[in-house]
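Heads up, the chain below is alone and in the form predicted on its own; it's given as structure tokens.
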């Protein structure tokens, strides 16, 4: 289910003293099955951009097309769009409200107009998918769960709507290391089943470990779009955008500058950098 964004511009409060251009001529296409990281400094336009991808905001100029549906078309059903594109906001656990876990996850499918049996089946499948298969837990209040479990319940509520594309805004924010690892493993598993994933993140480490493509926003514009190796190779433009390299990519950059030959641009994770350093030492390329 490709998503095409063409010349997208969004202006908040136009014609007032508070007018602000949040997006300025942004264009890209998300292909089926991609895992894309969306990064940028605070206020760069990331949140405004993702809210256009499932119709929460309408373009001031330009267009967003989801699976052939132009989201600016008044005849397009936003319910149909949100079947295709699921959006998980930052700290989604604060949006839980039902009395039980299963009731909360069933809420989305109910809004799609599905019958009770189908809603229940989808909720059970989604809870199993996020690693919460215990039926006894489903009948508990979501407020009795840990922070990581609450977040997985919130993600399950979106997965129960069976979107082809899942967008997550800072999915590991505020979690302890164990919770971060659990959510990262969950995102890998969701992507492995064929879902297109877009992850908004301030963590360059998370982006480097998970994503096959990175979009960089800076002052309302899309300034970089490419593979992690290509994006991290342009350290100057990243720093212009107020971003740092991932720690391993920064170390690789320093090592190359210190004379370590043969450290590849792809060595931006610990798993890739360690053997590259050992190989360089073994070759005597120092």
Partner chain sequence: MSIIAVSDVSYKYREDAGEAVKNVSFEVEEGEFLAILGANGSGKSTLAKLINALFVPTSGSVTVCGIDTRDESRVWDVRAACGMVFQNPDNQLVATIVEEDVAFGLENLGVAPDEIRRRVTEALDAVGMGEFGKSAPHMLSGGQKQRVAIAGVLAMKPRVIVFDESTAMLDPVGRAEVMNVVRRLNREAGITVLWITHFMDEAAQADRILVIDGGSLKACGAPRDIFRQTALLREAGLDVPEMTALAQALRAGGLCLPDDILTVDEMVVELCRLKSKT
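Since this is a predicted model, take the numbers as computed values, not measurements. Numbering follows the first chain given and starts at 1.
Keep in mind the form predicted in complex with the partner chain is missing from the figure; the text below concerns it.
J.: Among 140, 188, 209, 120, which has any heavy atom within 4.5 Å of the partner chain in the predicted complex?
T.: Looking at the other structure, the residue within range turns out to be 209.
J.: Using heavy atoms only and a 4.5 Å cut-off, decide whether all three of 41, 202 and 270 touch the partner chain in the predicted complex.
T.: Every residue of the spot touches the partner chain in the predicted complex.
J.: Taking the partner chain as it sits in the predicted complex, is residue 259 in contact with it (heavy atom to heavy atom, 4.5 Å or less)?
T.: Yes, residue 259 sits close enough to the partner chain in the predicted complex that at least one of its heavy atoms falls within 4.5 Å.
J.: Taking heavy atoms and a 4.5 Å cut-off, does residue 175 contact the partner chain in the predicted complex?
T.: So residue 175 counts as contacting the partner chain.
J.: I'd like to know whether residue 162 contacts the partner chain in the predicted complex, with contact meaning heavy atoms within 4.5 angstroms.
T.: Judged by the heavy-atom cut-off of 4.5 Å, residue 162 is well away from the partner chain in the predicted complex.
J.: Hey, in the predicted complex, is residue 248 touching the partner chain, heavy atoms inside 4.5 Å?
T.: Within the cut-off, so yes.
J.: Tell me the stretch among 26-34, 62-70, 251-259, 214-222 that has any heavy atom within 4.5 angstroms of the partner chain in the predicted complex.
T.: Stretch 251-259 is the one.
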